[in-house]
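First structure 1, then structure 2: two forms of the same chain, each alone, as structure tokens.
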Structure 1
């Protein structure tokens, strides 16, 4: 009975949504509201106003920088939530990971991963640093880096991955993104502008564009490093299982 009701509900929702689709503005129409309003300033002035050739980066970090600050806080919240549910690793305890089986990943996987990893790392770094002029940016690069680390973990084991990126490093870097945002924001505030204005106090107007570029890079780096670390911490928290040694610590 409940099933039938739910199915009817979903069916009705689908029909309504399709009806709605037919009364929405035509897709790809240059005159539709989405392509007509607000957007022209981004397209025409972003390069000059934000100093980024990639307009998306300009929108993410400048026009809607506050959203991005919220975004990095969301992912941090995700980490804090996972840790609140599953707990943080503690010193002096022994943890096991689900891939502890004696069958190791094959030589092909390991050597392929070993071959690919440097390229992935390089690519992610490039994505972070080059986000202003080509597709990419802090978070994109951080995600690529995290995916690379996951590949490492799949090939060489989570235990080893946990050693390669030790907890201490992760604890320090996890909060990097919101903190850099906050610092850059407050710097803009002290510089006489608004929060997130990418300004520093006592910098002459001539240096402003260069300063903006450097501060943007700083934020991108913070997002990239913080994002990658958070993903790794989340994976480790999901994967690990306590096996003993707890009482002594």
Structure 2
């Protein structure tokens, strides 16, 4: 009986979705509301209304701020789900198979990784800080930083990577993205504006552009730092091995 009810519910939901899709404007239709109103508004007024030269950043953090806040919350929830299943490694006891191998990684690999990692970190920071005026942003910068740590773990071992970015640090920073979104939103309310408006009407008008820029940078930095730590924590949870006695290494 439960299977029949489930199939009926899924079938009804599928019919509803198909009806909604059939009523949507045709792909690329120049007369659709999105192309006639929304796009023009973004292109013509994004810099003025959001204070960012990069229209995409203005759309993601301002026009679609609630949606982006939901996205970073989903990413953080994904980390919580991974850790609920796999657990977090114990302090100073995170290993992977290559760490216990008697054969060390190639000196060429370690030298190349050691040479590239500072540049990867610098590029990640640049991507986060310049996201409002050029291609980039918090998501991209955080992904670049996490990729650099993946390279570090592959070249020098998961144990050394775990000591370089310890669980205590990751635990403190993993929730930075939703927290900074919330703090900036509350600051807007306390400043006499709206949630996630990046404006504080009660502050002098001459300071508004600088405040908008700094609030945007704060959110970008939170997304970058939190995203990087989330990816690294997922790596640690997935790559570490189990040892005898059922204890996580």
Partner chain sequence: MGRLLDNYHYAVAAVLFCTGFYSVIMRPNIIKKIIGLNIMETSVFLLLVSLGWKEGGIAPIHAGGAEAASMVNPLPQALILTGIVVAVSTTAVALSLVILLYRQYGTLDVDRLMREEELEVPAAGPEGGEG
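Positions refer to the first chain, counted from 1. Predicted model, so just to flag it, every value in this text is computed and none were measured. Rigid core here is just the name for the largest C-alpha set that superposes within 1.5 Å across the two forms.
> Out of structure 1 and structure 2, where do we see the form predicted in complex with its partner chain?
Replying inline: Only structure 1 matches the form predicted in complex with its partner chain.
>> After superposing the rigid core, is the C-alpha displacement of residue 59 2 Å or more between structure 1 and structure 2?
In response: After core superposition, the displacement of the residue 59 C-alpha between structure 1 and structure 2 stays below 2 Å, so no.
> With both forms fit on the core, has residue 211 moved 2 Å or more by CA between structure 1 and structure 2?
Replying inline: Not so; residue 211 is displaced by less than 2 Å.
>> Core superposed first: is there a CA shift of 2 Å or greater at residue 199 between structure 1 and structure 2?
In response: The answer is yes, as the C-alpha of residue 199 shifts between structure 1 and structure 2 by 2 Å or more after core alignment.
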